[in-house]
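One chain comes next, on its own, written as structure tokens: the form predicted on its own.
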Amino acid sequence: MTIINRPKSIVKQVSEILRQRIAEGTYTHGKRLPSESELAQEFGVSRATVRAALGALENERLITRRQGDGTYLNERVMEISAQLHCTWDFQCMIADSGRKPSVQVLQITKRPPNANEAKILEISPYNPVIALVRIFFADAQPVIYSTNVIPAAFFVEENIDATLPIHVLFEKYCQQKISYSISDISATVADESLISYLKIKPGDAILRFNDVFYNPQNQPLLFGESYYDDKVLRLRVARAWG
């Protein structure tokens, strides 16, 4: 039986485990997911809880539920999801666009987290974090200004190469594997510092990414805030309608 912890809502915990399994390929295309009864028995929860967790994944268009037939992966979404490890790795995304990626590390600091960072990373305000501030370039043109905040307790050594792709950095210096991430993307107007770093005009609209990366145990590894000039490098995502 899979063990459920109680600090988070049980529905959220079940949906996170199922989302992780989908990301790792536990459930394969063309085959039904376990039934509500089977999942309820595995997790030790009610069918209503499983139904609510599956409803959350259905709202994200990760799964489709066929009346009288069962629950299946949404194959078109999963074709795209299989590439998300690359899409959300900025250096990989730049390379896939046919441009040469490079990174400039502006700052590596060890400091206390602010209240929002501590809440998102599920740590005490007294537990220090490592903050990485970097600029990503495509063919020497700045396209992304990024701040990543990581609990200092994850690092097994202090001298890190912050130019590495984020999944490599975690594996090398934290002995952690990124399992999945959740991103909030919104439009904003560049402030003075971004105008300088990204070489854009005052008042230009840019994209803001707020990302949280998780390990296979659903533990938050990183909180990131990045600003992306999509006029230089276009971002393509799939959207569900209806």
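Between two forms, the rigid core is defined as the largest C-alpha subset superposing within 1.5 Å. None of these values were measured; they are calculated from a predicted model. When you see a residue number, it is the position in the sequence shown, counting from 1.
The next section is about a form of this same protein that is not shown, the form predicted together with the DNA.
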{"item": "Listed range touching the DNA, judged in the predicted bound form by heavy atoms within 4.5 Å, from 170-178, 43-51, 194-202, 207-215", "value": "43-51"}
{"item": "In the predicted bound form, the residue from 186, 35, 59, 28 that sits within 4.5 Å of the DNA by heavy atoms", "value": "35"}
{"item": "102, 71, 97, 147 - the one with a heavy atom within 4.5 Å of the DNA in the predicted bound form", "value": "71"}
{"item": "Close approach of residue 10 to the DNA in the predicted bound form, 4.5 Å, heavy atom", "value": "yes"}
{"item": "Core superposition between this form and the one not shown, C-alpha change of residue 54 at least 2 Å", "value": "yes"}
{"item": "Post core alignment: residue 204 C-alpha displaced by 2 Å or more between this form and the one not shown", "value": "no"}
{"item": "Rigid-core frame, C-alpha of residue 215, shift of 2 angstroms or more between this form and the one not shown", "value": "no"}
{"item": "Closer or farther: C-alpha pair residue 168/residue 15 in the predicted bound form, relative to this form, given a change of 3 Å or more", "value": "closer"}
